[in-house]
Each structure stands twice: as C-alpha cells, then as structure tokens.
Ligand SMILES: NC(=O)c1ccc[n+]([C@@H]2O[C@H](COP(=O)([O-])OP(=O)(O)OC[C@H]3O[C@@H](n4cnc5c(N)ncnc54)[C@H](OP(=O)(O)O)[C@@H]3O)[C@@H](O)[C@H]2O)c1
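A single chain comes next, written as structure tokens; it is the form predicted on its own.
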C-alpha cells in the first residue's frame, strides 16, 4: 500500500540506486527514478522494475545530472505531467574518471564536479520548492571521502558532498527539511570487479581477514530508508559511515 509520499532518486538504474528503489517500493513509497540515457543497462533495468512493481506509482525521469539544463528540463516535464510534490530526495548519481590527479584533464575536472557537486546542488534547487515540511534529503557518499584510494578522484568530490550535507541542513532548517548522508564502504555492485583490479592490494588484505567487508547494496538502501523515515528525526546534517568496520583496523 502506498504511503502517499514520493521519493526522487538520482542514478536509480543500477547498483545502490536500484537497491534503494526496490527497498522503498517495498516500503510503500511512490518513486520518481532518474537515469541518464535511453539506451543501456540502467534504462533496461528500470523498464523491468516498472513492469514488475505493484501497489506504488513509479515514474521514470531521464536527465543527465551533470547538465543543469537537463535537470531543469526533466523537472519541467515532471511538473507538466502533474508532479506537484516530492517528499524525499536521494542524491545517488555519481560519475568520475579513475586516474591519478597528476593525469587529470580539464574535462575530467568538469565531469567530476558537474555530476557530483554542482549537479546535486541543481537537483536540490529544482526539487526543494516542491518539498513540504517534514521532507528529507539523503546523499550517498563513499569511503574515498575519508581515506586515500588510488586513482579515485571521486573521493574529494564525496568529501565536498558530505560537507554540502551540513550546509544544506543549516540552510533548509527553516523549511523543516532534514538533510543527511550515507558514507558507504566497498559495495558489491557491478563495479566491484573493476575496483578489485584498481585496488588489488586492498582487496587481498581484506579477503585474508575474518571481518566481512563487502557491503550488499540492500544494506546501504536500508540505511537510506531509515534516514528518510521519521525514525531518524534526531539526525540532522550528519553522514553515517556504513563500512562493516573497515576503518576500525589499521
């Protein structure tokens, strides 16, 4: 049964984004699911999800989060389609080159910050006017914000994103919109094999320890679901670290 609340999720077509969509649909939220392009795995995943989902309303919203005009046009279409209220926003979309900082080009920097910082801010600017009191924003971050990972410039963008969480919480407090984040550890998505090749020593180290260290996407989704629920009402402007204890051991 629908909660009669709508959640907008950016980058919802795969990995953590899809897990959040599945979890929130099961919890009864109506969904608006963003994806970047019509062709590809994300679009196909979302079409299957829409076809298989019952009891809640699911809309698809195509738009490149790195392009402000795309976001504005996406929201214009949603409003024209009758969307007048969005109760929760999950900022999950991410994109970045995997290379050393000494190799970063001007286009690499543009990709890094347009998607992961300015794009998120544009989403907030466009969606907050549709959010009633009691709404929430949840940003998905990663451990690159807290530890140095080779060829992972996304880490500094995620640091900025977590700082943005704090600033938005203060700025949106008078609107009664809560803002929090999830800093996720290494997640077992379709990117996991690539990351294993990127960081072989780290993978070997953790695989030889007894502690479980690979998060399931649903585990991150469960935290996001908690953060948008009233049960997390005491949390404001914070980013929860969900890493299965990876940072506890040197």
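Residue numbers count along the first chain shown, from 1. Predicted, not measured: the structure shown is a model, and the values here were computed from it.
Form predicted together with the ligand: not shown, discussed below.
Practice prompt. Name the single residue among 60, 56, 195, 202 that comes within 4.5 Å of the ligand in the model of the complex, judging by heavy atoms.
Written response: Selected option: 195.
Worksheet item: Using a 4.5 Å cut on heavy atoms, which of 118, 166, 145, 95 is close to the ligand in the model of the complex?
Response: Only one listed residue qualifies here, and that residue is 95.
Discussion item. So, a 4.5 angstroms cut-off on heavy atom distances: do all three of 130, 232 and 236 pass it with respect to the ligand in the model of the complex?
Written reply: The answer is no; none of 130, 232 and 236 reaches the ligand.
Worksheet item: Any of the heavy atoms of residue 16 lying within 4.5 Å of the ligand in the model of the complex?
Response: Yes.
Item to complete: Answer yes if any heavy atom of residue 207 is within 4.5 Å of a heavy atom of the ligand in the model of the complex; otherwise answer no.
Response: Heavy-atom contact with the ligand at 4.5 Å: absent for residue 207.
Item to complete: Please run the contact check for residue 154 against the ligand in the model of the complex: heavy atoms, 4.5 angstroms, yes or no?
Response: Although the ligand is absent here, residue 154 would touch it in the model of the complex, with heavy atoms inside 4.5 Å.
Discussion item. Would you classify residue 26 as touching the ligand in the model of the complex, given a 4.5 Å non-hydrogen atom cut-off?
Written reply: Looking in the model of the complex, residue contacts with the ligand do not include residue 26, since no heavy atom lies within 4.5 Å.
Practice prompt. Could you tell me which of 130 to 138, 172 to 180, 76 to 84, 154 to 162 sits within 4.5 Å of the ligand in the model of the complex, going by non-hydrogen atoms?
Written response: In short, 154 to 162.
Worksheet entry | Residues in 44 to 71 close to the ligand in the model of the complex, defined by a heavy atom within 4.5 Å, in order | 63, 64, 65, 66, in sequence order.
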